[in-house]
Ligand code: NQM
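Just one chain is shown here, as structure tokens, and it is the form predicted on its own.
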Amino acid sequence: MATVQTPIPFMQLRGGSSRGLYFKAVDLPADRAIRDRVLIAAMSGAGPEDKRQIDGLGGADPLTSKVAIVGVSTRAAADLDYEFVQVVVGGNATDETQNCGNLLAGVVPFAIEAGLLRADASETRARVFMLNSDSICEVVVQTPNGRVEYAGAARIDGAPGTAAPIVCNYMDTAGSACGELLPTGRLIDLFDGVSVTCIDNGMPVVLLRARDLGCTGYESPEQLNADTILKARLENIRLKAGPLMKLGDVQRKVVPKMTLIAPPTAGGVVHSRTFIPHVCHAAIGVLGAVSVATACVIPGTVTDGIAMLPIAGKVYSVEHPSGEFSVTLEIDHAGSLPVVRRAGLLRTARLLSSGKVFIPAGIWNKP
């Protein structure tokens, strides 16, 4: 039996407030079962149950255990195809249920660096088909002189320093994972005596009023992560909500995300704490912020009496532990419920490394 490791080309980029490995689709095995084992090995090495990911390239955190798979699209409406894979830390598993808007920010820079897409002279606009949700996002990247510009003055909370702006314009993301914006068919559901709103406008999210769970909603992630009773209650609710959200058994999935909400404190629309799914996020995910902001504009959800909507303008600021996330929503109010036609988000990204990740020989021969 061969013991030679297999090298696979990759790049590592910070995308938004996350970090991940980016692969060309053609460089990965066509068989999905083998491909997923390869991705787990790339992140976690030969001991995928190791939560430290010491034998792989992961960072022992859900925000740094992510993969983007990118290829040239054959669809007339898109330039690139992008599939997101969450490698479950210590779980020896992958989850392709959701999108990741943070890694999306690095897709076009990666495609240009990897020769999948030709850059324009000043800025490059590319239509990215997101395979996880069968939807399209237009991504705008600064490319002076035909090269990706990483330095700039744009700042996003959850990532250090400043960088060149990357604009992501999401189109019609309602029900991307669950099939409907309100997948249970109700504005409010009751689980274990707790009122929640289940929503999917790009990311399946269960919103809960922090006060209903004995919290303020302003606790630090460390405090919430140490609260085993709270986490057990959240997980019990999540496991009950998953099937009703048309996600099936979510015990081994990272969706739906669980988001505690409280009144804003810094001029935003709402204050939030998000679990993905069992660890409190240091910020909030891109599409998670879109779903939360969308819930705030729909009357009758658990955000009533908590959310402070802007008097004018289209910018909705979702506060989180490390700052805020501004979402620009274009809303159609013609129907019985508001419909978000477009969500515009500012992100940044930076190329960190490129090379080859070596996959242990035994990964290919497992049943």
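From a predicted model like this one, the values you see are computed outputs, not experimental measurements. In case it trips you up, residue 1 is the first one in the sequence shown, and so on.
Omitted here: the form predicted in complex with the ligand. The next part is about that form.
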Original post:
Any of the heavy atoms of Leu287 lying within 4.5 Å of the ligand in the model of the complex?
Top reply: yes
**OP:** Report yes if any heavy atom of Lys257 sits within 4.5 Å of a heavy atom of the ligand in the model of the complex; otherwise report no.
**Re:** yes
Original post:
If you check in the model of the complex, is His320 within 4.5 Å of the ligand, heavy atoms only?
Top reply: no
Original post:
Heavy atoms within 4.5 Å of the ligand in the model of the complex: does Cys100 have any?
Top reply: yes
Subject >> Which of 34-42, 59-67, 328-336, 294-302 sits within 4.5 Å of the ligand in the model of the complex, heavy atom basis >> reply: 59-67
Subject >> Residue among Lys253, Arg233, Arg127, His281 with a heavy atom within 4.5 Å of the ligand in the model of the complex >> reply: His281
**OP:** Scan Val88, Val148, Ile276, Leu224 and let me know which has any heavy atom within 4.5 Å of the ligand in the model of the complex.
**Re:** Ile276
**OP:** Sequence order please: the residues of 34-54 with a heavy atom within 4.5 Å of the ligand in the model of the complex.
**Re:** none
